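First comes one chain, alone, set out as structure tokens in the form predicted on its own.
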């Protein structure tokens, strides 16, 4: 018997069974994915938008409706129906010389508040970069405390400071040689009284500006400042060509917010004048209030308020334009 006959044949392993066919994956179309992704932000914003529509939308619509109607006490109590008068309320308001005097006074007042707030706030923010940590902490605590003080409380304090009989400010000024301010009434004239109110508004607005600008100054690279100094730039040159361009978006935002807030100043004037601001103290907010709730001409008061809103929308438009320009440069 040969060796070939004694050798067993090799066993071939059985073939593996083929895997079951994979079911086709269900893929959503790109259009469906984009639609679902775009709906998520709106769903998250829906509660906030609903609250804004209720809190701001309805009063604004009601304000616009009243401004085109004849609406006084008779209409308020239901003795007469509110009739549409078209643009008559706006014609009366815009044709009143007192209204334009109030507009000019409001613009000058707001401009003074904004300029002093931004200049003082920037100066304090720059000084905070040069003091030690514990001094900066104490100043920040004082700023937050003054910022958190209620407006009515701050106004009451300022009324006492500038009181003609017991005011400490008159007493301090009278200690200067040749100065006698005892019994001086700061509210006897409009310019002096508005100067006091401007000081009150600036005092309440500076802390927010300082804290915001201090946060922005931490983002200014020290290397750029050092390079500018090596190139021969002084303190003003470093601030103008390095610090100011970096802080420009923050400055634009703060300036716009300050304009909106200072154009809407009401409690400071109202409380400082004991609820009855004289003609030389009237701003757009108090003028609208007097027309509506003192003269009981709610339609004209609404028209003045709507004109104020349109004026502020113009300010917001300028702000958006500046921010878009800054975005294009970046």
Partner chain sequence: MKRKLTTAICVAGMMVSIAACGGGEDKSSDTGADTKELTVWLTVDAQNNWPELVKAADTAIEKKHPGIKITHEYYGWPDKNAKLDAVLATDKAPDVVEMGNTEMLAYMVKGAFAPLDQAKFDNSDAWLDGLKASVTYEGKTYGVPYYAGGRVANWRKDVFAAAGVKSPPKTYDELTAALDKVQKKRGDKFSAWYQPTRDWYAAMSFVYDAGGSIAVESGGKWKASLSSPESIKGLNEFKNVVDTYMHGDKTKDESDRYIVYGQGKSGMIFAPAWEGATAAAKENDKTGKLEGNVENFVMPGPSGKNLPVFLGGSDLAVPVKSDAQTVAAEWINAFTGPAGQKGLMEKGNLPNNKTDLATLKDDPATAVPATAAESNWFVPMAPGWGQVEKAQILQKMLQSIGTGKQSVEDAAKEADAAIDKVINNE
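Predicted model only: the values in this text are computed from it and were never measured. Residue numbers count along the first chain shown, from 1.
Unshown form predicted in complex with the partner chain; subsequent notes refer to it.
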**Prompt:** the partner chain isn't shown here, but in the predicted bound form, which of 122-130, 223-231, 256-264, 104-112 has heavy atoms within 4.5 Å of it?
**Reply:** 256-264
**Fill in**
the partner chain in the predicted bound form has a heavy atom of only one listed residue within 4.5 Å, and of 91, 168, 246, 149 that residue is 246
**Asked** Within a 4.5 Å heavy atom cut-off, is residue 58 in contact with the partner chain in the predicted bound form?
**Response** no
**Prompt:** Any chance residue 250 has a heavy atom within 4.5 Å of the partner chain in the predicted bound form?
**Reply:** yes
**Non-hydrogen atom contact residue 96 with the partner chain in the predicted bound form at 4.5 angstroms** = yes
**Item:** Contact test in the predicted bound form: residue 135 vs the partner chain, heavy atoms, 4.5 Å
**Value:** no
**Asked** If we check the partner chain in the predicted bound form, which of the residues in 297-312 reach within 4.5 angstroms of it by a non-hydrogen atom?
**Response** 298
